[in-house]
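Heads up, the chain below is alone and in the form predicted on its own; it's given as structure tokens.
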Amino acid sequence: MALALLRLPDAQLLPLRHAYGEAVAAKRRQMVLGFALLIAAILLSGWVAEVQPALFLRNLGGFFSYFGRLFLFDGGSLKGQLVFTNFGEWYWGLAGWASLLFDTILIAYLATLIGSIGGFFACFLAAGNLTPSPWIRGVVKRMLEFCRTVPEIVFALIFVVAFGLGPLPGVLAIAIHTLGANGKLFTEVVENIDMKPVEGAIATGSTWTESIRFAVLPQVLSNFASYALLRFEVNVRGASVMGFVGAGGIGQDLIEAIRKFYYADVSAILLMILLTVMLIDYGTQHLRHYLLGRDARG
């Protein structure tokens, strides 16, 4: 059976076409205006920051040549040769670097553990669906914001002055930043739980702590563990630069090699850090997927 499509008279179509054209034109004007404002903001920020494009382009070759020098020996009889041609000479300090890299991993692990525990206890007080008091929530959230807003390197500088050189300032600096970051992530997980088990626990006479223990934790523990593992991977990279300010780890030897222009040493240390982060990323990724998959199956 043939279907006939009704067509409005031209007298009725004309206003509709005109309105559609006006709407499309308005959208285009908004897009052009937004693009113009973006360009203006970029130019203004560049002017305030005294960006010099000509200087950037003139010295761009030095940026790439520096990375080229990282793979050449810079002294001795092997000067100018590729580092891959003599692995023993390239990694002459492997034992010491490996020890410092292990210290870096321990700094990241301990800082992640301390920060995640702190974020675990703080998130329940910051969650709007569990803590009715706006004052408590506000204080805890502001504290978490402060912890994650101040850069880790700033905390490390403060703690180096307070406690001296060594891994302790690095642990404390990364732990505080982890507290703020994981506290925020944990809070968002808690605020998105199913509240029916919590309401049921409260209805049976459970206290606030008991309702969290038996109604909230079973829903969030897998996500908490996943975020903690992800943060550990991030903290390994962060701990690698804590040595720049004397806060322990392999960063101490890395910054020394950079300052003394020991290009081969810089590339050797960077490669070790890169491979370590890749292995940790691979392991934590599979563990996170396992935990989240088990939570979904449960």
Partner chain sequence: MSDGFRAQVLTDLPGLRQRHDHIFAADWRARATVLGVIALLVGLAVLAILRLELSLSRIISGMGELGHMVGMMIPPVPSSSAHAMVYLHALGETVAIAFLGTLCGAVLAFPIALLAARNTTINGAVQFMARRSSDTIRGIDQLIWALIWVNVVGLGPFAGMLAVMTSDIGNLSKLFSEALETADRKPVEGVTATGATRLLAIRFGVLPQVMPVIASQALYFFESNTRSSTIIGIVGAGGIGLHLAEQIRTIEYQAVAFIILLILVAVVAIDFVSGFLRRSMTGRASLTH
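Basically, rigid core = biggest C-alpha set you can superpose within 1.5 Å across the two forms. Numbering follows the first chain given and starts at 1. Predicted, not measured: the structure shown is a model, and the values here were computed from it.
Form predicted in complex with the partner chain: not shown, discussed below.
*Asks:* Which residue among Leu113, Leu78, Ile136, Met143 has a heavy atom within 4.5 angstroms of the partner chain in the predicted bound form?
*Replies:* Spelling it out, the residue with a heavy atom inside the cut-off is Leu113.
*Asks:* Find the only residue in Asn86, Ser99, Asn129, Gln219 having a heavy atom within 4.5 Å of the partner chain in the predicted bound form.
*Replies:* After the contact test, the surviving option is Ser99.
*Asks:* In the predicted bound form, does Pro197 come within 4.5 Å of the partner chain, counting heavy atoms only?
*Replies:* Judged by the heavy-atom cut-off of 4.5 Å, Pro197 is well away from the partner chain in the predicted bound form.
*Asks:* Taking any heavy atom pair closer than or equal to 4.5 Å as contact, tell me whether Gly118 reaches the partner chain in the predicted bound form.
*Replies:* No, no contact at 4.5 Å.
*Asks:* Does the partner chain come within 4.5 Å of any heavy atom of Phe35 in the predicted bound form?
*Replies:* Heavy-atom contact with the partner chain at 4.5 Å: absent for Phe35.
*Asks:* Going by a heavy atom distance of 4.5 Å, is Gly62 a contact of the partner chain in the predicted bound form?
*Replies:* Gly62: contacts the partner chain in the predicted bound form.
*Asks:* Can you check 120 to 128, 78 to 86, 187 to 195, 158 to 166 and let me know which stretch has heavy atoms within 4.5 Å of the partner chain in the predicted bound form?
*Replies:* After filtering at 4.5 Å, what remains is 158 to 166.
*Asks:* Under the 4.5 Å heavy atom criterion, name the residues of 101 to 130 that approach the partner chain in the predicted bound form, in sequence order.
*Replies:* Result: Phe102, Asp103, Leu106, Ile107, Tyr109, Leu110, Leu113.
*Asks:* On a rigid core superposition, would Ala26 pass a 2 Å threshold for CA movement between the shown form and the other one?
*Replies:* Comparing forms between the shown form and the other one, the Ala26 CA shifts below 2 Å.
*Asks:* Using the core for the fit, does the CA position of Leu37 change by 2 Å or more between the shown form and the other one?
*Replies:* It does not, since the Leu37 C-alpha is displaced less than 2 Å between the shown form and the other one after the core fit.
*Asks:* Once you overlay the rigid core, does the Cα of Val51 travel 2 Å or further between the shown form and the other one?
*Replies:* Yes.
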